[in-house]
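One chain comes next, on its own, written out as structure tokens in the form predicted alone.
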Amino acid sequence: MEIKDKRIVLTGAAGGMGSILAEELVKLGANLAMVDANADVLTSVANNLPGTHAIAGDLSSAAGCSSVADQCLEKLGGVDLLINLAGINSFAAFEDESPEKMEAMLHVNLLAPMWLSRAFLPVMQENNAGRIVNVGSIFGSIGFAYFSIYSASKFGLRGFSEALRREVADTNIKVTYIAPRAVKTPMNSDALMRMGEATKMNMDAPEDVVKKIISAINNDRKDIYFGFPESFFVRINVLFPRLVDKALAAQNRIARAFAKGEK
């Protein structure tokens, strides 16, 4: 899909990666509606990108997503591309996760892309054109210890993307699933960053991930996984998950101390 002159909705636009992606989309000629829960930061991003539309909204509820979708359609006059980037991460032992944090992650990471896709799909169906891009994670194919809820939400997003792609296969509406490995953004806690250093976790710069997201859109990719050897381990995990159990065992023991706040 060519980005120039397309009406694009981007969620998570005020985040570390979202603001970079928003800037690149504008450079490529997009008519952009930027969505984020952080109104102050979103306004600041929009002030640096003249012509964009800043829409502050709560993506953790169906009603909030419906309101956001209505505002986007009013500002843009339609939608050609929805990029579901907004997300919440958590690095913690499962027994320490609060029910409230679990619910928030599942709502923002999984249900919000579903609610927004549902809201925009009729417009795309009417035009028989459009693309939905769901930004998932390598964690949506390999369940990592101490990221249990985050992994579960991204597993769900991957499954939703695959199912919806098959559902609209006889139309000109496309669905893309993008799975980066860990990314260096402010969303990561200090404990996560220290654990990453201790375990030599590979992490990509957000600018590099943005370039690959743009490339995936331009080249009409159905799904794409970033990073080696992580993308290779995705395939191994499908065929031989117990091998991956063993490969990650030592890393998991190190990670536990950081997840429990012992380091």
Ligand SMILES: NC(=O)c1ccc[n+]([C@@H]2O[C@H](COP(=O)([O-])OP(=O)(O)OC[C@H]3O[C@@H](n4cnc5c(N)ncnc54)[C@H](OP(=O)(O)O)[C@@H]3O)[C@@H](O)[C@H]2O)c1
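Residue numbers run from 1 along the displayed sequence. Here the structure is a predicted model, which is why all the values come from computation and not from measurement.
Below, we turn to the form predicted in complex with the named molecule, even though it does not appear here.
Colleague: Pick from 227-235, 57-65, 24-32, 214-222: which stretch has non-hydrogen atoms within 4.5 Å of the named molecule in the model of the complex?
Modeller: The contacting stretch here is 57-65.
Colleague: In the model of the complex, is there a heavy atom of the named molecule that lies within 4.5 Å of any heavy atom of residue 255, even though the partner is absent here?
Modeller: No, residue 255 is distant from the partner.
Colleague: Indicate whether the named molecule has at least one heavy atom within 4.5 Å of a heavy atom of residue 121 in the model of the complex.
Modeller: Outside the cut-off, so no.
Colleague: With a 4.5 Å heavy atom cut-off, would you call residue 165 a contact of the named molecule in the model of the complex?
Modeller: Because no heavy atom of residue 165 falls inside 4.5 Å of the named molecule in the model of the complex, the answer is no.
Colleague: So, residue 161 and the named molecule: in the model of the complex, are they within 4.5 Å at any heavy atom pair?
Modeller: Looking in the model of the complex, residue contacts with the named molecule do not include residue 161, since no heavy atom lies within 4.5 Å.
Colleague: Honest question, do 88, 137 and 186 all end up within 4.5 Å of the named molecule in the model of the complex by heavy atom distance?
Modeller: Yes: each residue has a heavy atom within 4.5 Å of the partner.
Colleague: Just one of 149, 175, 108, 92 has a heavy atom within 4.5 Å of the named molecule in the model of the complex. Which one?
Modeller: Flagged contact: 108.
Colleague: Going through 210-234 from first to last, which residues have a non-hydrogen atom within 4.5 Å of the named molecule in the model of the complex?
Modeller: The stretch 210-234, when checked against the named molecule in the model of the complex, contributes no residue at the 4.5 Å heavy-atom cut-off.
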